[in-house]
Every structure is written in structure tokens, then in C-alpha cells.
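Consider the single chain below, provided in C-alpha cells and representing the form predicted on its own.
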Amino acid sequence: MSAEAAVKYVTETPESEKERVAAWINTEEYKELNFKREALVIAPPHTCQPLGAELVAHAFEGSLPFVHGSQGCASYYRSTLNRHFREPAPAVSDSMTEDGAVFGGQNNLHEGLENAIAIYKPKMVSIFTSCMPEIIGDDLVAFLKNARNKGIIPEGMPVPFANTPSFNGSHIHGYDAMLLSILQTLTEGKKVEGRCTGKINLIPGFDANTGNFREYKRLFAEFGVPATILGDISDVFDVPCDGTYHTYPGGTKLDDAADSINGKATLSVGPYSATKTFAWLKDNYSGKHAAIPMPLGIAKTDEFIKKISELSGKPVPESIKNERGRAVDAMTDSHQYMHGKKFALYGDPDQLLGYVSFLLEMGAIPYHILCSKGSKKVEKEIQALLDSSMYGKGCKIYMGKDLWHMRSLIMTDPVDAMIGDTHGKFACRDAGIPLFRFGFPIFDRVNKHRYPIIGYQGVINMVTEICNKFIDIKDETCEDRFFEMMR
């Protein structure tokens, strides 16, 4: 007997009814009902706070991410990062279970710390929470104080911790909370009056593209400006394959992070995913402070480059000016393939602002803009971008919505393509449009995280990928008489 034959349905649904519903969910009537729902979220385009905390916990030298919570939660964070980067995401958990939910998780935390430190010998343990300890109200301040008093934590070992409840916020808020705790811990007592490292500190915000980190470092090197990236994942999740497993590859040096409080200046390019961190830095770090948008597209990269020049006191190198010229030339050579095309896009606030700016520069139309965890401030900033261009007319912003809302939008008011992470592929398949995979997570394509999209080189990469896909579609669908050598 086949598996299909063994299934006995309680209620049989006629094929005609399935066809009716399949057609109905593509209608305006269904879209109106879909947008009225309040109690249910379907396919939210964001992950939870602890995952963002784990990303930045990996980003410092010798740092062991430690989940205070259940093993299943830790497995989710690790597997998501692993599938995106196709690299190990080693982290530990103190494996809270039912007894921890009743009696509290201090014993789990202490035993877990003792084992993890003995076995994995980290330079720093970065602790963050999942739902269970947050719901029962575990006091990590007291737990860690008791752990130090018992000698479980070695003298001088930094153990930053962050409360990152999975049931509110998103990965960008967990990233912010963990980064803030790490910097507060490492810089405590390190500020020296009158000392200046001469370096610019860069806060990249939640960014799971290792190529972007390498591009930031290359641009600073072109300027001849020393820089410290506060949370550098480039060598953590893009490790050379040399036959040896490295437990703690790469990451920002702990000494550099500690001395960052004496930096010449601090620049944040993730204003919406490092809000609390940057607010604290402004009050505690030496030097100048600036928060600007992520450098996606020409205008926002211009702002980034000019800000480095301003903060460092150095002129923009000719090499970077030439890069800009090549990027503008690439846009000019290929703008006709994107001009007038309608896009649906979704993602984190920092990335969305960059996508919108880039599309408007190309004469494309960011028609449906969806952010699941945005704010009125984000909405106003995106609207200001739309209002600044003739191509922004008629575009709409949807805050607090999910990918099932997005499906209704693209089925009833069609677009030519979508920009987002892997989860958008199902709606794109139904709508028959291409998905351009920028963002996090990307599970179904290889090496995307090695492919920078920031800076002028990022402009060229995005233009090339998008325009060539539209050309591919033209070649694959046109009549023989229009199958041209030149496009």
C-alpha cells in the first residue's frame, strides 16, 4: 500500500473547491481580508533577537556564544547561520528544560559555563537569552556575580551578557543589545584622558555579508586610515579551507575593541540596528561620532566616503574617485534594462533605505516596500526618499506586515521583480517574477555572502546581477526573430 493510500482524510476536499480557493487568494477581495488580520503573522521576514545576538557574539576574537536557554533554540540560531554562510557557527547552550522553568536556570548556567570554559578555552564568553529564562525572570546579573564568587569564571575573563527575548523585537534588536554589552564590558576602565588611537571605529550594524566587511576594510585602506570594525565577521564566516578546523577564526581583536573608546572617531552605518549602542557610544567614547545610512547605491556611498574624509581629515583618494566613475559608467551602460521596472522589496530598515535609494538612481520603481519590524521614523525616511524622485510616485510603504501580505500585493498589483532574502521565493514563484537575493538569510544560492553590495563596487555588482537577469528572461522568452546577439 502506498503512503498516499494509507492516509485517510477526515473530510475530503473536492478538487473544484481547491481550485476555487487557489484562485480566490489571488483576488482583491482576499487581499482586503488578508490586510485586516491582526492576531496572526504568516512568514515574517525577520528572525528573533537571540540570532542577532549570536551573530555579533561570533564577531570578536576568541568569543564563545553562550545561549542561556533551551538546546532547541540554540540549534535554530546555529543552523540558520550555518545554512546562510555554509560555515560552522559554534555556540553552546546550558540546555534549560522543565526543571529550569520551575526552579530557575542558575544551576544550568553555572554548570554550562564551567564545562564550556574548561573544554573550549575561550577568551570571552558572550551570553544571551532565549524565551524561557526571559519568561520566568532569570536574574543574569546575580547569576554571574555568584559564578565569579564561586570561581567558575576565571579572573579577568570578560563575560558580557544581553537579555534577548525571542517574543519581541527581531534579530536587529538582539544584535544591538549584545554589541552594547560587549563594548561596555571590554571598554570598562579603559578610557584614558588625552589618549587617541588615531583610528576610526566602524559599527556595521546587522550585516550578514562577509564581502561587505572586506569592502569596508579595503575602502579604509585606500584612504590610508586605520580603522577598527566593532564586530568583524569577515574571517569568522569566510574561513580559508586549509584542512584545519579553527575554533575561533578571526573577529575584532579584544585589545582593539577595548581601546576603541579612545578612538579618533566612531561611525555607524547601521543606525537602525545599533541604535542603543550608538547612543551609549556618544556619551562614553572619545572623538567625533556620526551615524549615516548604509552605503548602498551611489548617493549613500558618496555620503559614506565624504564622512570618512571629514572624520579622518584626509582627501578622497583618486583611486576611490575612479571607482565612483566606473560605477556611474556601469549604471549608464545598463540603466535601460531597469528603467521603469517595478520592484517589490522587503528587509531590515538599514538595507531597505539603501535598496530604495539605489532603485531610484537607476530609474526603477520601488513599488511595494515592506518592513516587518519598522517604525514611524523608518517610514518617514523612506517616504522622503520616494518624494525626492519622480520614480517614487505611487510607491507604497507597508510597516509591520509579513510575506503573506506581500504575496497578496504582488498577485493583485503585479511587479517585475522582488528584492529580499530566500523566503520570498515562494511568492515570486506564484507571481512568476525573479527574486534578487540580497539580505539575510540566503539558503538557496551559493557565495552570496561573499559578494559585496556596499560601496561603488557593490553598485556595480547589484546592477550587473539585476540587469543580466532581465536580459536572461528576455532571451528565454522572446520569439526567435528577437533572439539577438546584442541586447
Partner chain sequence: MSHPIKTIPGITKESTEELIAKTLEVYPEKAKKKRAPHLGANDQASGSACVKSNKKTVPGVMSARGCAYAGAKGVVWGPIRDMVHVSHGPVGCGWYSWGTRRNLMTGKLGVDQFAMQFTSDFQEKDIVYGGDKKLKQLLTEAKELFPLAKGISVLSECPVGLIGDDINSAAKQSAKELDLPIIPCNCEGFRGVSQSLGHHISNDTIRDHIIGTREFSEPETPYDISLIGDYNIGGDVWSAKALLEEIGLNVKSVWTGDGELEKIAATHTVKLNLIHCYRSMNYMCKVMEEKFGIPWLEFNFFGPTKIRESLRSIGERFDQTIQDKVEQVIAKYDPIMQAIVDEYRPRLEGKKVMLLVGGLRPRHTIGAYEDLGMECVGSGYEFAHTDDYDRTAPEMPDATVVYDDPSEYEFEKFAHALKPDLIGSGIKEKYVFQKMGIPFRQMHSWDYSGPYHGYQGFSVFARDIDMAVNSPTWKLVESPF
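Computed from a prediction, not measured in an experiment: that's the story for all the values here. Here, rigid core means the biggest group of C-alpha atoms that superpose within 1.5 Å across both forms. Numbering follows the first chain given and starts at 1.
Another form, the form predicted together with its partner chain, is not on view; read the next lines as being about it.
Chemist: Just to confirm, with a 4.5 Å cut-off on non-hydrogen atoms, which of A279, A101, A290, A330 contacts its partner chain in the model of the complex?
Modeler: By the 4.5 Å heavy-atom cutoff, the listed residue in contact is A101.
Chemist: If you check N163, T197, S95, T228 against its partner chain in the model of the complex, which one has a heavy atom within 4.5 Å?
Modeler: After the contact test, the surviving option is S95.
Chemist: With the partner left out here, check for me: in the model of the complex, does some heavy atom of V159 sit within 4.5 Å of its partner chain?
Modeler: Output for V159 is no: heavy atoms all beyond 4.5 Å of its partner chain.
Chemist: Given that the partner is absent here, does N146 sit within 4.5 Å of its partner chain in the model of the complex, heavy atoms only?
Modeler: N146: no contact with its partner chain in the model of the complex.
Chemist: Contact between Y77 and its partner chain in the model of the complex at 4.5 Å, heavy atoms?
Modeler: It does: once its partner chain is placed as it appears in the model of the complex, Y77 has a heavy atom within 4.5 Å of it.
Chemist: Answer for G62 alone: is it within 4.5 Å of its partner chain in the model of the complex, judged on heavy atom distances?
Modeler: No - in the model of the complex, heavy atoms of G62 and its partner chain never come within 4.5 Å of each other.
Chemist: Choose one stretch from 337-345, 113-121, 259-267, 187-195: the one whose residues place a heavy atom within 4.5 angstroms of its partner chain in the model of the complex.
Modeler: Looking at the partner contacts, the answer comes out as 113-121.
Chemist: Pick out the residues of 372-396 whose heavy atoms come within 4.5 Å of its partner chain in the model of the complex.
Modeler: The stretch 372-396, when checked against its partner chain in the model of the complex, contributes only K373 at the 4.5 Å heavy-atom cut-off.
Chemist: With a threshold of 2 Å on the C-alpha, tell me if E12 counts as moved between the shown form and the other one once the core is superposed.
Modeler: Shift at E12: 2 Å or more after core fit.
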